[in-house]
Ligand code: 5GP
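The chain below stands alone and is given as C-alpha cells, in the form predicted alone.
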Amino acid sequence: MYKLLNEHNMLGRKEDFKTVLGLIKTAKNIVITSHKSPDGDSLGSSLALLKFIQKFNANVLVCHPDQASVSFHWLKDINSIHLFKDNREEVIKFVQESDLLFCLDYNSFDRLGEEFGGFVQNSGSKKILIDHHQNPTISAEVSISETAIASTSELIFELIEQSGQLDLLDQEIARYIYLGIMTDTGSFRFPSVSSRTHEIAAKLLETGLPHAVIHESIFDTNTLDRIKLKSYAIVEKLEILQDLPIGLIYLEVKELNQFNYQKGDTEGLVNTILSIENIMVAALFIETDEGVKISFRSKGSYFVNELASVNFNGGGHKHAAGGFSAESIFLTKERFKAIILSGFYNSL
C-alpha cells in the first residue's frame, strides 16, 4: 500500500503514477495542500496539479496555510488558493469533505502549522505525498518521496507524462511547472539539477511557454523600497565571521518597517551573501511578531539541513534550509555564531 520511489527506479515506476491518476478519476472531492510561507515550488506544483486535475472535471481546491509573498501576486490563479489563515472554517470544511488529499512539497504535517497540520493529518481522506525533502514522516496511499529530484514541480510533470496524459500538458500547466522548477533550482544552477530537469524544461518550452516573462516577473521586478531595504541590509547589517567562510545578515522589525516591508521583500538576500567570494555558508535572520525566521544557504560540502533541524526547529535540503527561533533576534544571531565558533564545521 505504501510505496517509496527512489532515484534508481523513479522513471520506470509508471504504475505508481497510474495509481495516482486512478485515484484522481474516482475521487469526488480533492484538496491540494502545501507548506507555510509558500514558495515558487509549492505554488507551482499546487497550481499545475490543480489545472491538470480540472481536465477530468473533478471537484478540486488548493488550500494553503497562508499567503504567498508579493513576488508571486502576478500569478493568474493566485486568488483561487484558499488560505487557512484567512478562512479557517471554510478550509476545515473542505478538508473534512475531501476523499482525496495531496500533500505537496512538504515531508511532515507540522510544515502546515500546528492547527492546520492537525486537521489535515486527522482527516479521513486518502492521502498522496509528492515531495523531494528528506526524512518524510507522512503515511500515504501513495508516497512519491524523491530527495534527489530538484523540485516537487518536476514530479508533477512526471505524474502527467508517466500516467500517459502528456497530451493534456498545455501552456497553462507548463507555466506553473516551469515556475516551480526555475525557483527551486535557482534558475537551473543548483547541484540538484539533472539532465532530466533540462529534458522536462525543453518539453515545457515546446508548449510555447514564455519562459523569459516568468523569470522577469520573479527576479527582475522590484519596488524602490525593496531595493533600498536590500541595499541597507548589505551595507549596514552584513557580518562575516572572522577567519570563517560564513556570513550573515539580521533585520529587526523596526528596520523592516523603515522600508515599508512586504512579505517577500528579502527574497534572494541570503543568496547575495552566499555569492560573496569565499563564502560557503550564509544565514539571514528576519524578526517577526512571532519570532525569528531564518534562512540558510551553502555550497560544496558545507551542509545546512542538520544545522537547521538540530538547532533551529527547522530543516530542508543540504544546501538550502530554514529555521525558526522564539528567542530575540540578538540572542538567535549570537547563538548561531556560538554554534559555528564551537566547531560545527570543524570536520571539513
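Just count from 1 along the sequence shown to find any residue number. Just so it is clear, the model here is predicted, and its values are computed rather than measured.
Another form, the form predicted together with the named molecule, is not on view; read the next lines as being about it.
S.K.: Go through His215, Lys203, Lys126, His133 and name the one with a heavy atom inside 4.5 Å of the named molecule in the predicted bound form.
M.R.: Only one option qualifies, and that one is His133.
S.K.: What is the one choice in Ile30, Ala321, Ile286, Cys63 with a heavy atom within 4.5 Å of the named molecule in the predicted bound form?
M.R.: By the 4.5 Å heavy-atom cutoff, the listed residue in contact is Ala321.
S.K.: Tell me the stretch among 308-316, 275-283, 65-73, 44-52 that has any heavy atom within 4.5 angstroms of the named molecule in the predicted bound form.
M.R.: Looking at the partner contacts, the answer comes out as 308-316.
S.K.: Can you work out whether Lys293 and the named molecule are in contact in the predicted bound form, taking contact to mean some heavy atom pair no more than 4.5 Å apart?
M.R.: Lys293: contacts the named molecule in the predicted bound form.
S.K.: Heavy atoms within 4.5 Å of the named molecule in the predicted bound form: does Arg226 have any?
M.R.: No, Arg226 sits far enough from the named molecule in the predicted bound form that none of its heavy atoms falls within 4.5 Å.
S.K.: Using the partner position in the predicted bound form, report whether Arg175 sits within 4.5 Å of the named molecule, counting heavy atoms only.
M.R.: Heavy-atom contact with the named molecule at 4.5 Å: absent for Arg175.
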